[in-house]
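Heads up, the chain below is alone and in the form predicted alone; it's given as structure tokens.
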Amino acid sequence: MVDVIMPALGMAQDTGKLLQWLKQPGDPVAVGDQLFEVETDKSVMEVEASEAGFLTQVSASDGDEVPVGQVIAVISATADNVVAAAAPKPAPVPDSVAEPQKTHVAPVAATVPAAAPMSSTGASTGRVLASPKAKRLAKEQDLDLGALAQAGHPQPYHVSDLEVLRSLPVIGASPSGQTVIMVATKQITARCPRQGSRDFIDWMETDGAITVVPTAIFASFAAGAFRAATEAALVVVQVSGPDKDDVFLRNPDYSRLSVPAPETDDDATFVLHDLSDSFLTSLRLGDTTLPTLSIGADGDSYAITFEFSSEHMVDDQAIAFVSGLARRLADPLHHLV
């Protein structure tokens, strides 16, 4: 049985604020498991266990300000004594904290990273509180946690807040030095079986002596799915592919598949990359100028990738678009009826 104490995470730290327990009383604990988060005057740390057992006798609650060295839980060999004896409130904060007695030195390893900036590219200026894991992931992914603070997102930040950070517009600089906002690209991927489209092409060829190429199916089905999701009156598909010149098709879902859709000079509604005859299965271009759809062949499946931003459409529309397209490709009769 070993004590869990509030660790000293700084040279001049007298207390630590227990933000939240990451284990519940009675939970099994392995060496290295994160037990709780503590906030100091500089950062938020996650405290790990250095002994295995069960977390018991928890005597401090989330939000408590706890003096350094105070026992706040016990790691026991069994979960029999889960409840704290008296669940005492934290002791008053002393003016100065004496060195913990050796008998109270808990075998808890606290990860104490340096108070480094949140991101190598961060534009933030104020203090940002975040867990070490959130900091590490943000740095690895070149994300600026300061942007969350600038957006008013409440601190401290955890890994789950990185998803919010990714959805924020990215502030950059134009070649002229002016500040611009680059809208974040979102991506939806899907897979559907190819057999339905294959059978449909064979059926058109055998019973109707009509030759239908996959690109025509992709453009028609994609335009139909986009119109159903957004209620757009005009859909112009910019069809692109490796070793092919781009063509702009006006409302291809209104044309018969055996007849080429009319070309137009109108601006494209979205770009369609037909990769089915190439070794490519998907594209992730990160270009938010236009919504970009790619369809590639991967074994017996079509791989669908759709990139868009909030400037183009709302998430529900994008999801409905990709879902509707996959449904049409899997069962072409769904599109024709």
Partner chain sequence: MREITLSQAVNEALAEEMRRDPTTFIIGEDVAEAGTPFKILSGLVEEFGTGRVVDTPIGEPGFMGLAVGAAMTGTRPIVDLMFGDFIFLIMDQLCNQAAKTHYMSGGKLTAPLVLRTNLGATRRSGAQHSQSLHALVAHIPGLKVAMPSSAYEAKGLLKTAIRDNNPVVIFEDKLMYQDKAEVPEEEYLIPFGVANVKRVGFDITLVGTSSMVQVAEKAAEILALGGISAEVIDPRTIVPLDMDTINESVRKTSRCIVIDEGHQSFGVTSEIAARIMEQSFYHLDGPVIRMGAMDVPIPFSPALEDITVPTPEGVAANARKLMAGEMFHG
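In this text, all values refer to a predicted model and were calculated from it rather than measured experimentally. Positions refer to the first chain, counted from 1. Superpose the two forms; the largest set of C-alphas matching within 1.5 Å is the rigid core.
The next section is about a form of this same protein that is not shown, the form predicted in complex with its partner chain.
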Open item on the list: Check for me whether its partner chain, as it appears in the predicted bound form, comes within 4.5 angstroms of all of 131, 134 and 156 - heavy atoms only.
Closed with: yes
- [ ] With its partner chain left out here, work out from 67 to 75, 134 to 142, 201 to 209, 252 to 260 which stretch has heavy atoms within 4.5 Å of it in the predicted bound form.
- [x] 134 to 142
Open item on the list: Does residue 139 move appreciably between this form and the one not shown, meaning a CA displacement of 2 Å or more on the superposed rigid core?
Closed with: yes
Open item on the list: Using a rigid core superposition, assess whether residue 27 undergoes a CA shift of 2 Å or more between this form and the one not shown.
Closed with: yes
